[in-house]
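The chain below stands alone and is given as structure tokens, in the form predicted alone.
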Amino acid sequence: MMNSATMLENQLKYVNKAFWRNPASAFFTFSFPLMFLVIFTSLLGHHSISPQRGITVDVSTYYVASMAAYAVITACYNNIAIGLAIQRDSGVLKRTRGTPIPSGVFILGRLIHALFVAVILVVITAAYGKFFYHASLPTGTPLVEFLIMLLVGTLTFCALGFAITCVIPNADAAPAVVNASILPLLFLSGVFIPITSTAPSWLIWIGRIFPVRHFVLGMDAGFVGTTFNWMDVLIVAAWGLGAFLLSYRFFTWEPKR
């Protein structure tokens, strides 16, 4: 009988093969962050902004950080939520539940693979920004803080991806539900459009309720030199814990009728 480590290794191989054998999904997962980076820096990258009082950075540097955050959210939240909804509707999850693979191994395999893809996306985005836009990259203590936020954010958005499947009725509705739940927050959190002190206070207040804004602030700190706030890490982690508890209670392996 296989032990848990062997089953986890096999599950990781399966998830990785399934990811790369869907070239359209893999292509857009990797191309969207770079595509948006090029578009936004081409349109808005010829001036500087002040993301924090006393700090001025090029818009291109800002977008390298924000697109790295967007890449993580796409790899973890969007991909997991839509993928699980499709697998649930097609009966894959139900059949998986009937195999000797423990639920924890299945979930951990998805988490590790999402982390793997997220790290690759961040490295590619940062390298592209450094090579083409001369963006500053985090080093020393800021790098450690960046990596901690990256890890916490990855786990949180994976957990949120599992949690949102609880309200997705079927596979056809998955893209609409997922995009409707995340796109407004990407704008409210400064991913696509920089949020400065001149932004309406109500917009800033709403953005700070949700984890996306705090994740972006933590990711930005290593690139643009803003103050890293551990409270942002705690808030993101709290959302992840809440999503995990919600998933534990309501996640279903069988298609919804």
Partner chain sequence: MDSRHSGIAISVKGLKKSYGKNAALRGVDLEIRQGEIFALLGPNGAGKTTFVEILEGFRRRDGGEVSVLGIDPDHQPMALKTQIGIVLQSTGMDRYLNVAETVKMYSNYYPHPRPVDEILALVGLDAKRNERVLRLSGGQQRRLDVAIALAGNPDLLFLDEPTTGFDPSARREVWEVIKNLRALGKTVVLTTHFMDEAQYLADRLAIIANGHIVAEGNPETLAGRDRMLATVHFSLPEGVTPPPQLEVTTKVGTAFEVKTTKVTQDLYELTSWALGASVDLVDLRVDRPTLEDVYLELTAVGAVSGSKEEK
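Numbering follows the first chain given and starts at 1. All of these numbers come straight from a predicted model, not from anything done at the bench.
The form predicted in complex with the partner chain is left out here; the points below concern that form.
- Of the candidate stretches 124 to 132, 152 to 160, 95 to 103, 73 to 81, only 95 to 103 contains residues with a heavy atom within 4.5 Å of the partner chain in the predicted complex.
- Using a 4.5 Å cutoff between non-hydrogen atoms, Ser90 counts as a contact of the partner chain in the predicted complex.
- Taking non-hydrogen atoms only, Ser247 never approaches the partner chain to within 4.5 angstroms in the predicted complex.
- A residue is said to contact a partner when one of its heavy atoms sits within 4.5 Å of a partner heavy atom; Ala18 meets this definition for the partner chain in the predicted complex.
- Judged against the partner chain in the predicted complex with a 4.5 angstroms heavy atom cut-off, the residues Met7, Asn10 and Glu254 are in contact without exception.
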